[in-house]
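This document starts with one chain, in the form predicted on its own, laid out as structure tokens.
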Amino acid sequence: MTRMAIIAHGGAGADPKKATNIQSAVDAGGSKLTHGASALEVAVMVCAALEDDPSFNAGTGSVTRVDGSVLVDASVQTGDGRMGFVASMPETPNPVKVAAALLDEEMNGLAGVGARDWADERGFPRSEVTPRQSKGKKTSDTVGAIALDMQGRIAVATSTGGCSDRPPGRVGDVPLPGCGFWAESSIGIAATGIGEAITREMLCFRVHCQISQMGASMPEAFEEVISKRFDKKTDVGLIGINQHGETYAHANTNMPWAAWSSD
């Protein structure tokens, strides 16, 4: 039986004390895995639990854009190639659940009001998100979770409330495949930090290739890519699970995270 594992983060640059909140969500996910839940179910569950925690910039804890709006992004991908993502969605406390619902659709992604209309048609709750006060600072304390189940299936789920000093149409790395997330060949990667910098590097796909094609270990790939491609003024962090159920996290700043494994 495959070693089961979960890892989740609460954002690059976030308060390390938030790791306690993350551990609670991860431990609940571990209980589900041991009772036969799939990696997809658990990754989405853990991510949604962090969306429900107003201390994180995701879901209920999202910040406002420059016009005062609250717009959320999320993504889900499974190791068999399915993916779903939503961007700039209004009035959505759990966008990761909408992203997960796209996995079996012909389309991969939806944005804006159209994403919200599609969610309405499928019964996903619509409610106004009360914004968290960001105190004029850039926020990168978004959330992400990865799970590997007993069948060796892997899934990645990420979510963000965007950036407090950006316009309503801005899209960061979270909903962009290969940038804020990537899952393939029983290896899952999720990123956090300054979205534009992560996107320019196609960070998660780049790191995945280092591991799956070039034979680097996850610690080697994480540390090399972050140290060589990002300066210390640019917050960035990564979490991952490999095919052996080994978890790893690395950032060039504070990044609260937590993990669980079946041994």
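Predicted model, so just to flag it, every value in this text is computed and none were measured. Residue numbers run from 1 along the displayed sequence.
The protein also exists as the form predicted in complex with a small molecule; that form is not presented, and the subsequent description refers to it.
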If we define contact as a non-hydrogen atom of the residue within 4.5 angstroms of the partner, is Thr142 a contact of the small molecule in the predicted complex? yes
Is it the case that Gly195, even though its partner is missing from this view, gets within 4.5 Å of the small molecule in the predicted complex, heavy atoms only? yes
Would you classify Gly162 as touching the small molecule in the predicted complex, given a 4.5 Å non-hydrogen atom cut-off? yes
Please tell me whether any heavy atom belonging to Arg82 falls inside 4.5 Å of a heavy atom of the small molecule, as the geometry stands in the predicted complex. no
Can you tell me which of 117-125, 166-174, 98-106, 181-189 lies within 4.5 Å of the small molecule in the predicted complex, counting heavy atoms only? 166-174
